[in-house]
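Next up: just one chain, as structure tokens, the form predicted alone.
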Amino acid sequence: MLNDKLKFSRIYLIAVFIVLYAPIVYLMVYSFNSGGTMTGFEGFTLDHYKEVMQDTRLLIIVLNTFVIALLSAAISTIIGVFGAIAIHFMRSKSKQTLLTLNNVLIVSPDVIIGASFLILFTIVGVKLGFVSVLLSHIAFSIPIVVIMVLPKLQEMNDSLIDAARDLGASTWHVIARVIMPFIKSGIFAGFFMALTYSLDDFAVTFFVTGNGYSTLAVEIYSRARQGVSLSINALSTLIFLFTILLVIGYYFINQRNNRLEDKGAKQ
């Protein structure tokens, strides 16, 4: 009976992953199609990848996207980590209120957030472009970092902080030498989550890009509206492979941190 349940769960999981990955595999296969459509595979070619590499405007947009993603992830991680620390040491009533406000920002529809930023930037007088995109990406990434860091803070034993203070450590030394090393894995997780959210964000960015500045998600959408181009398949394949590399990198960093934590606990 138990074996039957295990078989069913495996089949179910395999079916779910097939449904999730089938469109991506379909897209990747046709990125090598020598034909101009996705209705029939005529032969193998790398022309669509060459077309992507020779498109200077597209390469600049890719560079813009990664600059925005890295900057917004770094800044939102710094703000989010200190925000999570502040929330963790607050009194219960204020803590719950701030956590609720933080969660509301996470579940709010991107369209609403994007429209809100557009109205705000218009009123304040911020020109739409690099600055407006960066500010909006930082804003929606901070709640994600807070959510990733808070569980690590809750796992920490407060006696560590008490012991550090008894030994004469200042507030900054407690944060830098006790809290930060303990929540390091949460900080990495928050940074990578913010990075991936920024890379694939479309809805918010669409509202705040303005004329003359674009990110990859908005550019792909614009090109897809003009018709099916297999260069989009090639570009999407490259981004997907890069994302896999990020995930693999995060996995090994996480494994290394866990080994160091286990080693420290045994000592």
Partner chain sequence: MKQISRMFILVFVVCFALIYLVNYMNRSEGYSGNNTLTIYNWGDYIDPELIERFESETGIKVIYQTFDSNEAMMTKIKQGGTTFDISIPSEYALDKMKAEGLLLPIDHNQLPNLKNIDPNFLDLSFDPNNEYSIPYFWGTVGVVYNPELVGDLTFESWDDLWNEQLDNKVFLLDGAREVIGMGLNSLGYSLNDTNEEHLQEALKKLSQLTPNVKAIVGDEIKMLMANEEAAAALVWSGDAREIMDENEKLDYIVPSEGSNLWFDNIVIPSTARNIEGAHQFINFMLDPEVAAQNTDYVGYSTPNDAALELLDEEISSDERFYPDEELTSRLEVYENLGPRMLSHYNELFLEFKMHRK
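Not measured: the values here are computed from a predicted model. By rigid core we mean the largest C-alpha set that fits within 1.5 Å across both forms. Residue numbers count along the first chain shown, from 1.
This protein has a second form, the form predicted together with its partner chain, left out of what is shown; the following refers to that one.
Participant: Since only the chain is shown here, I'm wondering whether Thr122 would be in contact with its partner chain in the predicted complex (any heavy atom pair within 4.5 Å).
Facilitator: It does: once its partner chain is placed as it appears in the predicted complex, Thr122 has a heavy atom within 4.5 Å of it.
Participant: Taking its partner chain as it sits in the predicted complex, is Ser222 near enough to touch it, meaning that at least one heavy atom pair lies within 4.5 angstroms?
Facilitator: Answer yes; at least one heavy atom of Ser222 falls within 4.5 Å of its partner chain in the predicted complex.
Participant: Is Ala163 near its partner chain? Define near as a heavy atom within 4.5 Å, in the predicted complex.
Facilitator: Looking in the predicted complex, residue contacts with its partner chain do not include Ala163, since no heavy atom lies within 4.5 Å.
Participant: Using a 4.5 angstroms cut-off on non-hydrogen atoms, would Ile112 count as touching its partner chain in the predicted complex?
Facilitator: Answer no; every heavy atom of Ile112 is more than 4.5 Å from its partner chain in the predicted complex.
Participant: Please tell me which of Leu46, Leu241, Val67, Val29 lies within 4.5 Å of its partner chain in the predicted complex, judged by heavy atoms.
Facilitator: None of the others qualify; the residue that does is Val67.
Participant: From the list Ile106, Ala86, Ile78, Val131, which entry has a heavy atom within 4.5 Å of its partner chain in the predicted complex?
Facilitator: Result of the distance check: Ile78.
Participant: Tell me which stretch of 97 to 105, 151 to 159, 136 to 144, 175 to 183 has a heavy atom within 4.5 angstroms of its partner chain in the predicted complex.
Facilitator: Heavy-atom contact with the partner occurs in 175 to 183.
Participant: After the core is matched up, is the C-alpha of Phe242 off by 2 Å or more between the shown form and the other one?
Facilitator: The answer is yes; the displacement is at least 2 Å.
Participant: Would you say whether Tyr26 is displaced between the shown form and the other one, judging by a C-alpha shift of 2 Å or more on the superposed rigid core?
Facilitator: Yes, because once the rigid core is superposed, the C-alpha of Tyr26 moves 2 Å or more between the shown form and the other one.
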